[in-house]
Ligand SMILES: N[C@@H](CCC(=O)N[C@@H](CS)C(=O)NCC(=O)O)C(=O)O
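The form predicted alone is given below as one chain in C-alpha cells.
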C-alpha cells in the first residue's frame, strides 16, 4: 500500500495529483500546516519536517521530485514518465525540475504573506521581487508552449505527462501571488490541465487551507522620505 502524507495546497499536492492519474491504490494522511510536522513521529518520515512524505512497501521517501520520478518509473513509464532513451526524456527531466524553481518563489511569497506573524517582519521589496521572478517563470512556460510545433498542448511534444502535473501545481500556488492573465498560452494550458478529474481530486476538500484568499497582492513600497 502507498501512503501519502499530505498538507492541502502544498508541494504534496503534486504527488497526490499524480497518484490519482496513475490509478493505483493509495491512502492519504492529512496533516495540518503547523508545528506538528516537527514532531519526532513525523521527522522519522521526513527529516526536514516537510511534506510530502511517502511510505511504499516499507520504504520512505521525502522529496516530491524524487517521488514523481520513482512513481512514473514504477507505474507509468511512458504515459506519465519518459524513460531513458525516449525522445522527450531530456525535456521531461528539465521541466520536472523547473517546477521546483517556480515553487521556490511561491514558497518565499507564502512565507511573506501568510506565515510571518508580525507585519514588521514582512518586506514589500521581497514581495515585489519574488512576484516578478514568478512572472519570469511564466514567461519561460509561455515560450515553451508557444513553440511552433503541431499539437503543442502540453509541455512535452509527446503529450500530457507528470511534468505538466509538477509545473501545473507550482503555477496553481504561484497564481496566488502573480496572475497568469498576461500569458495566453500558459492560461490555456493551465485551463486544460486543471480541468482534469485528477487535478480536481487533489484540491482541498473542506480540509484546512494554507491560502484563504485567491490572490495576495504585494504591499506598496514605502514612498521615498517616509519612515
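Positions refer to the first chain, counted from 1. Keep in mind that what you see is a predicted model, and the values were worked out from it rather than measured.
Same protein, other form: the form predicted together with the named molecule, not shown, and the subject of what follows.
Among heavy atoms of residue 33, some come within 4.5 Å of the named molecule in the model of the complex. Under a 4.5 angstroms non-hydrogen atom cutoff, the named molecule in the model of the complex has residue 52 among its neighbouring residues. The named molecule is not shown here, but in the model of the complex it comes within 4.5 Å of a heavy atom of residue 37. Taking the partner from the other structure, the named molecule in the model of the complex has no heavy atom within 4.5 Å of any heavy atom of residue 202. Stretch 59 to 67 is the answer when you ask which of 59 to 67, 22 to 30, 160 to 168, 185 to 193 has residues with heavy atoms within 4.5 Å of the named molecule in the model of the complex.
Shown here without the named molecule, the chain has 10, 11, 14, 33 in 1 to 34 lying with a heavy atom within 4.5 Å of that partner in the model of the complex.
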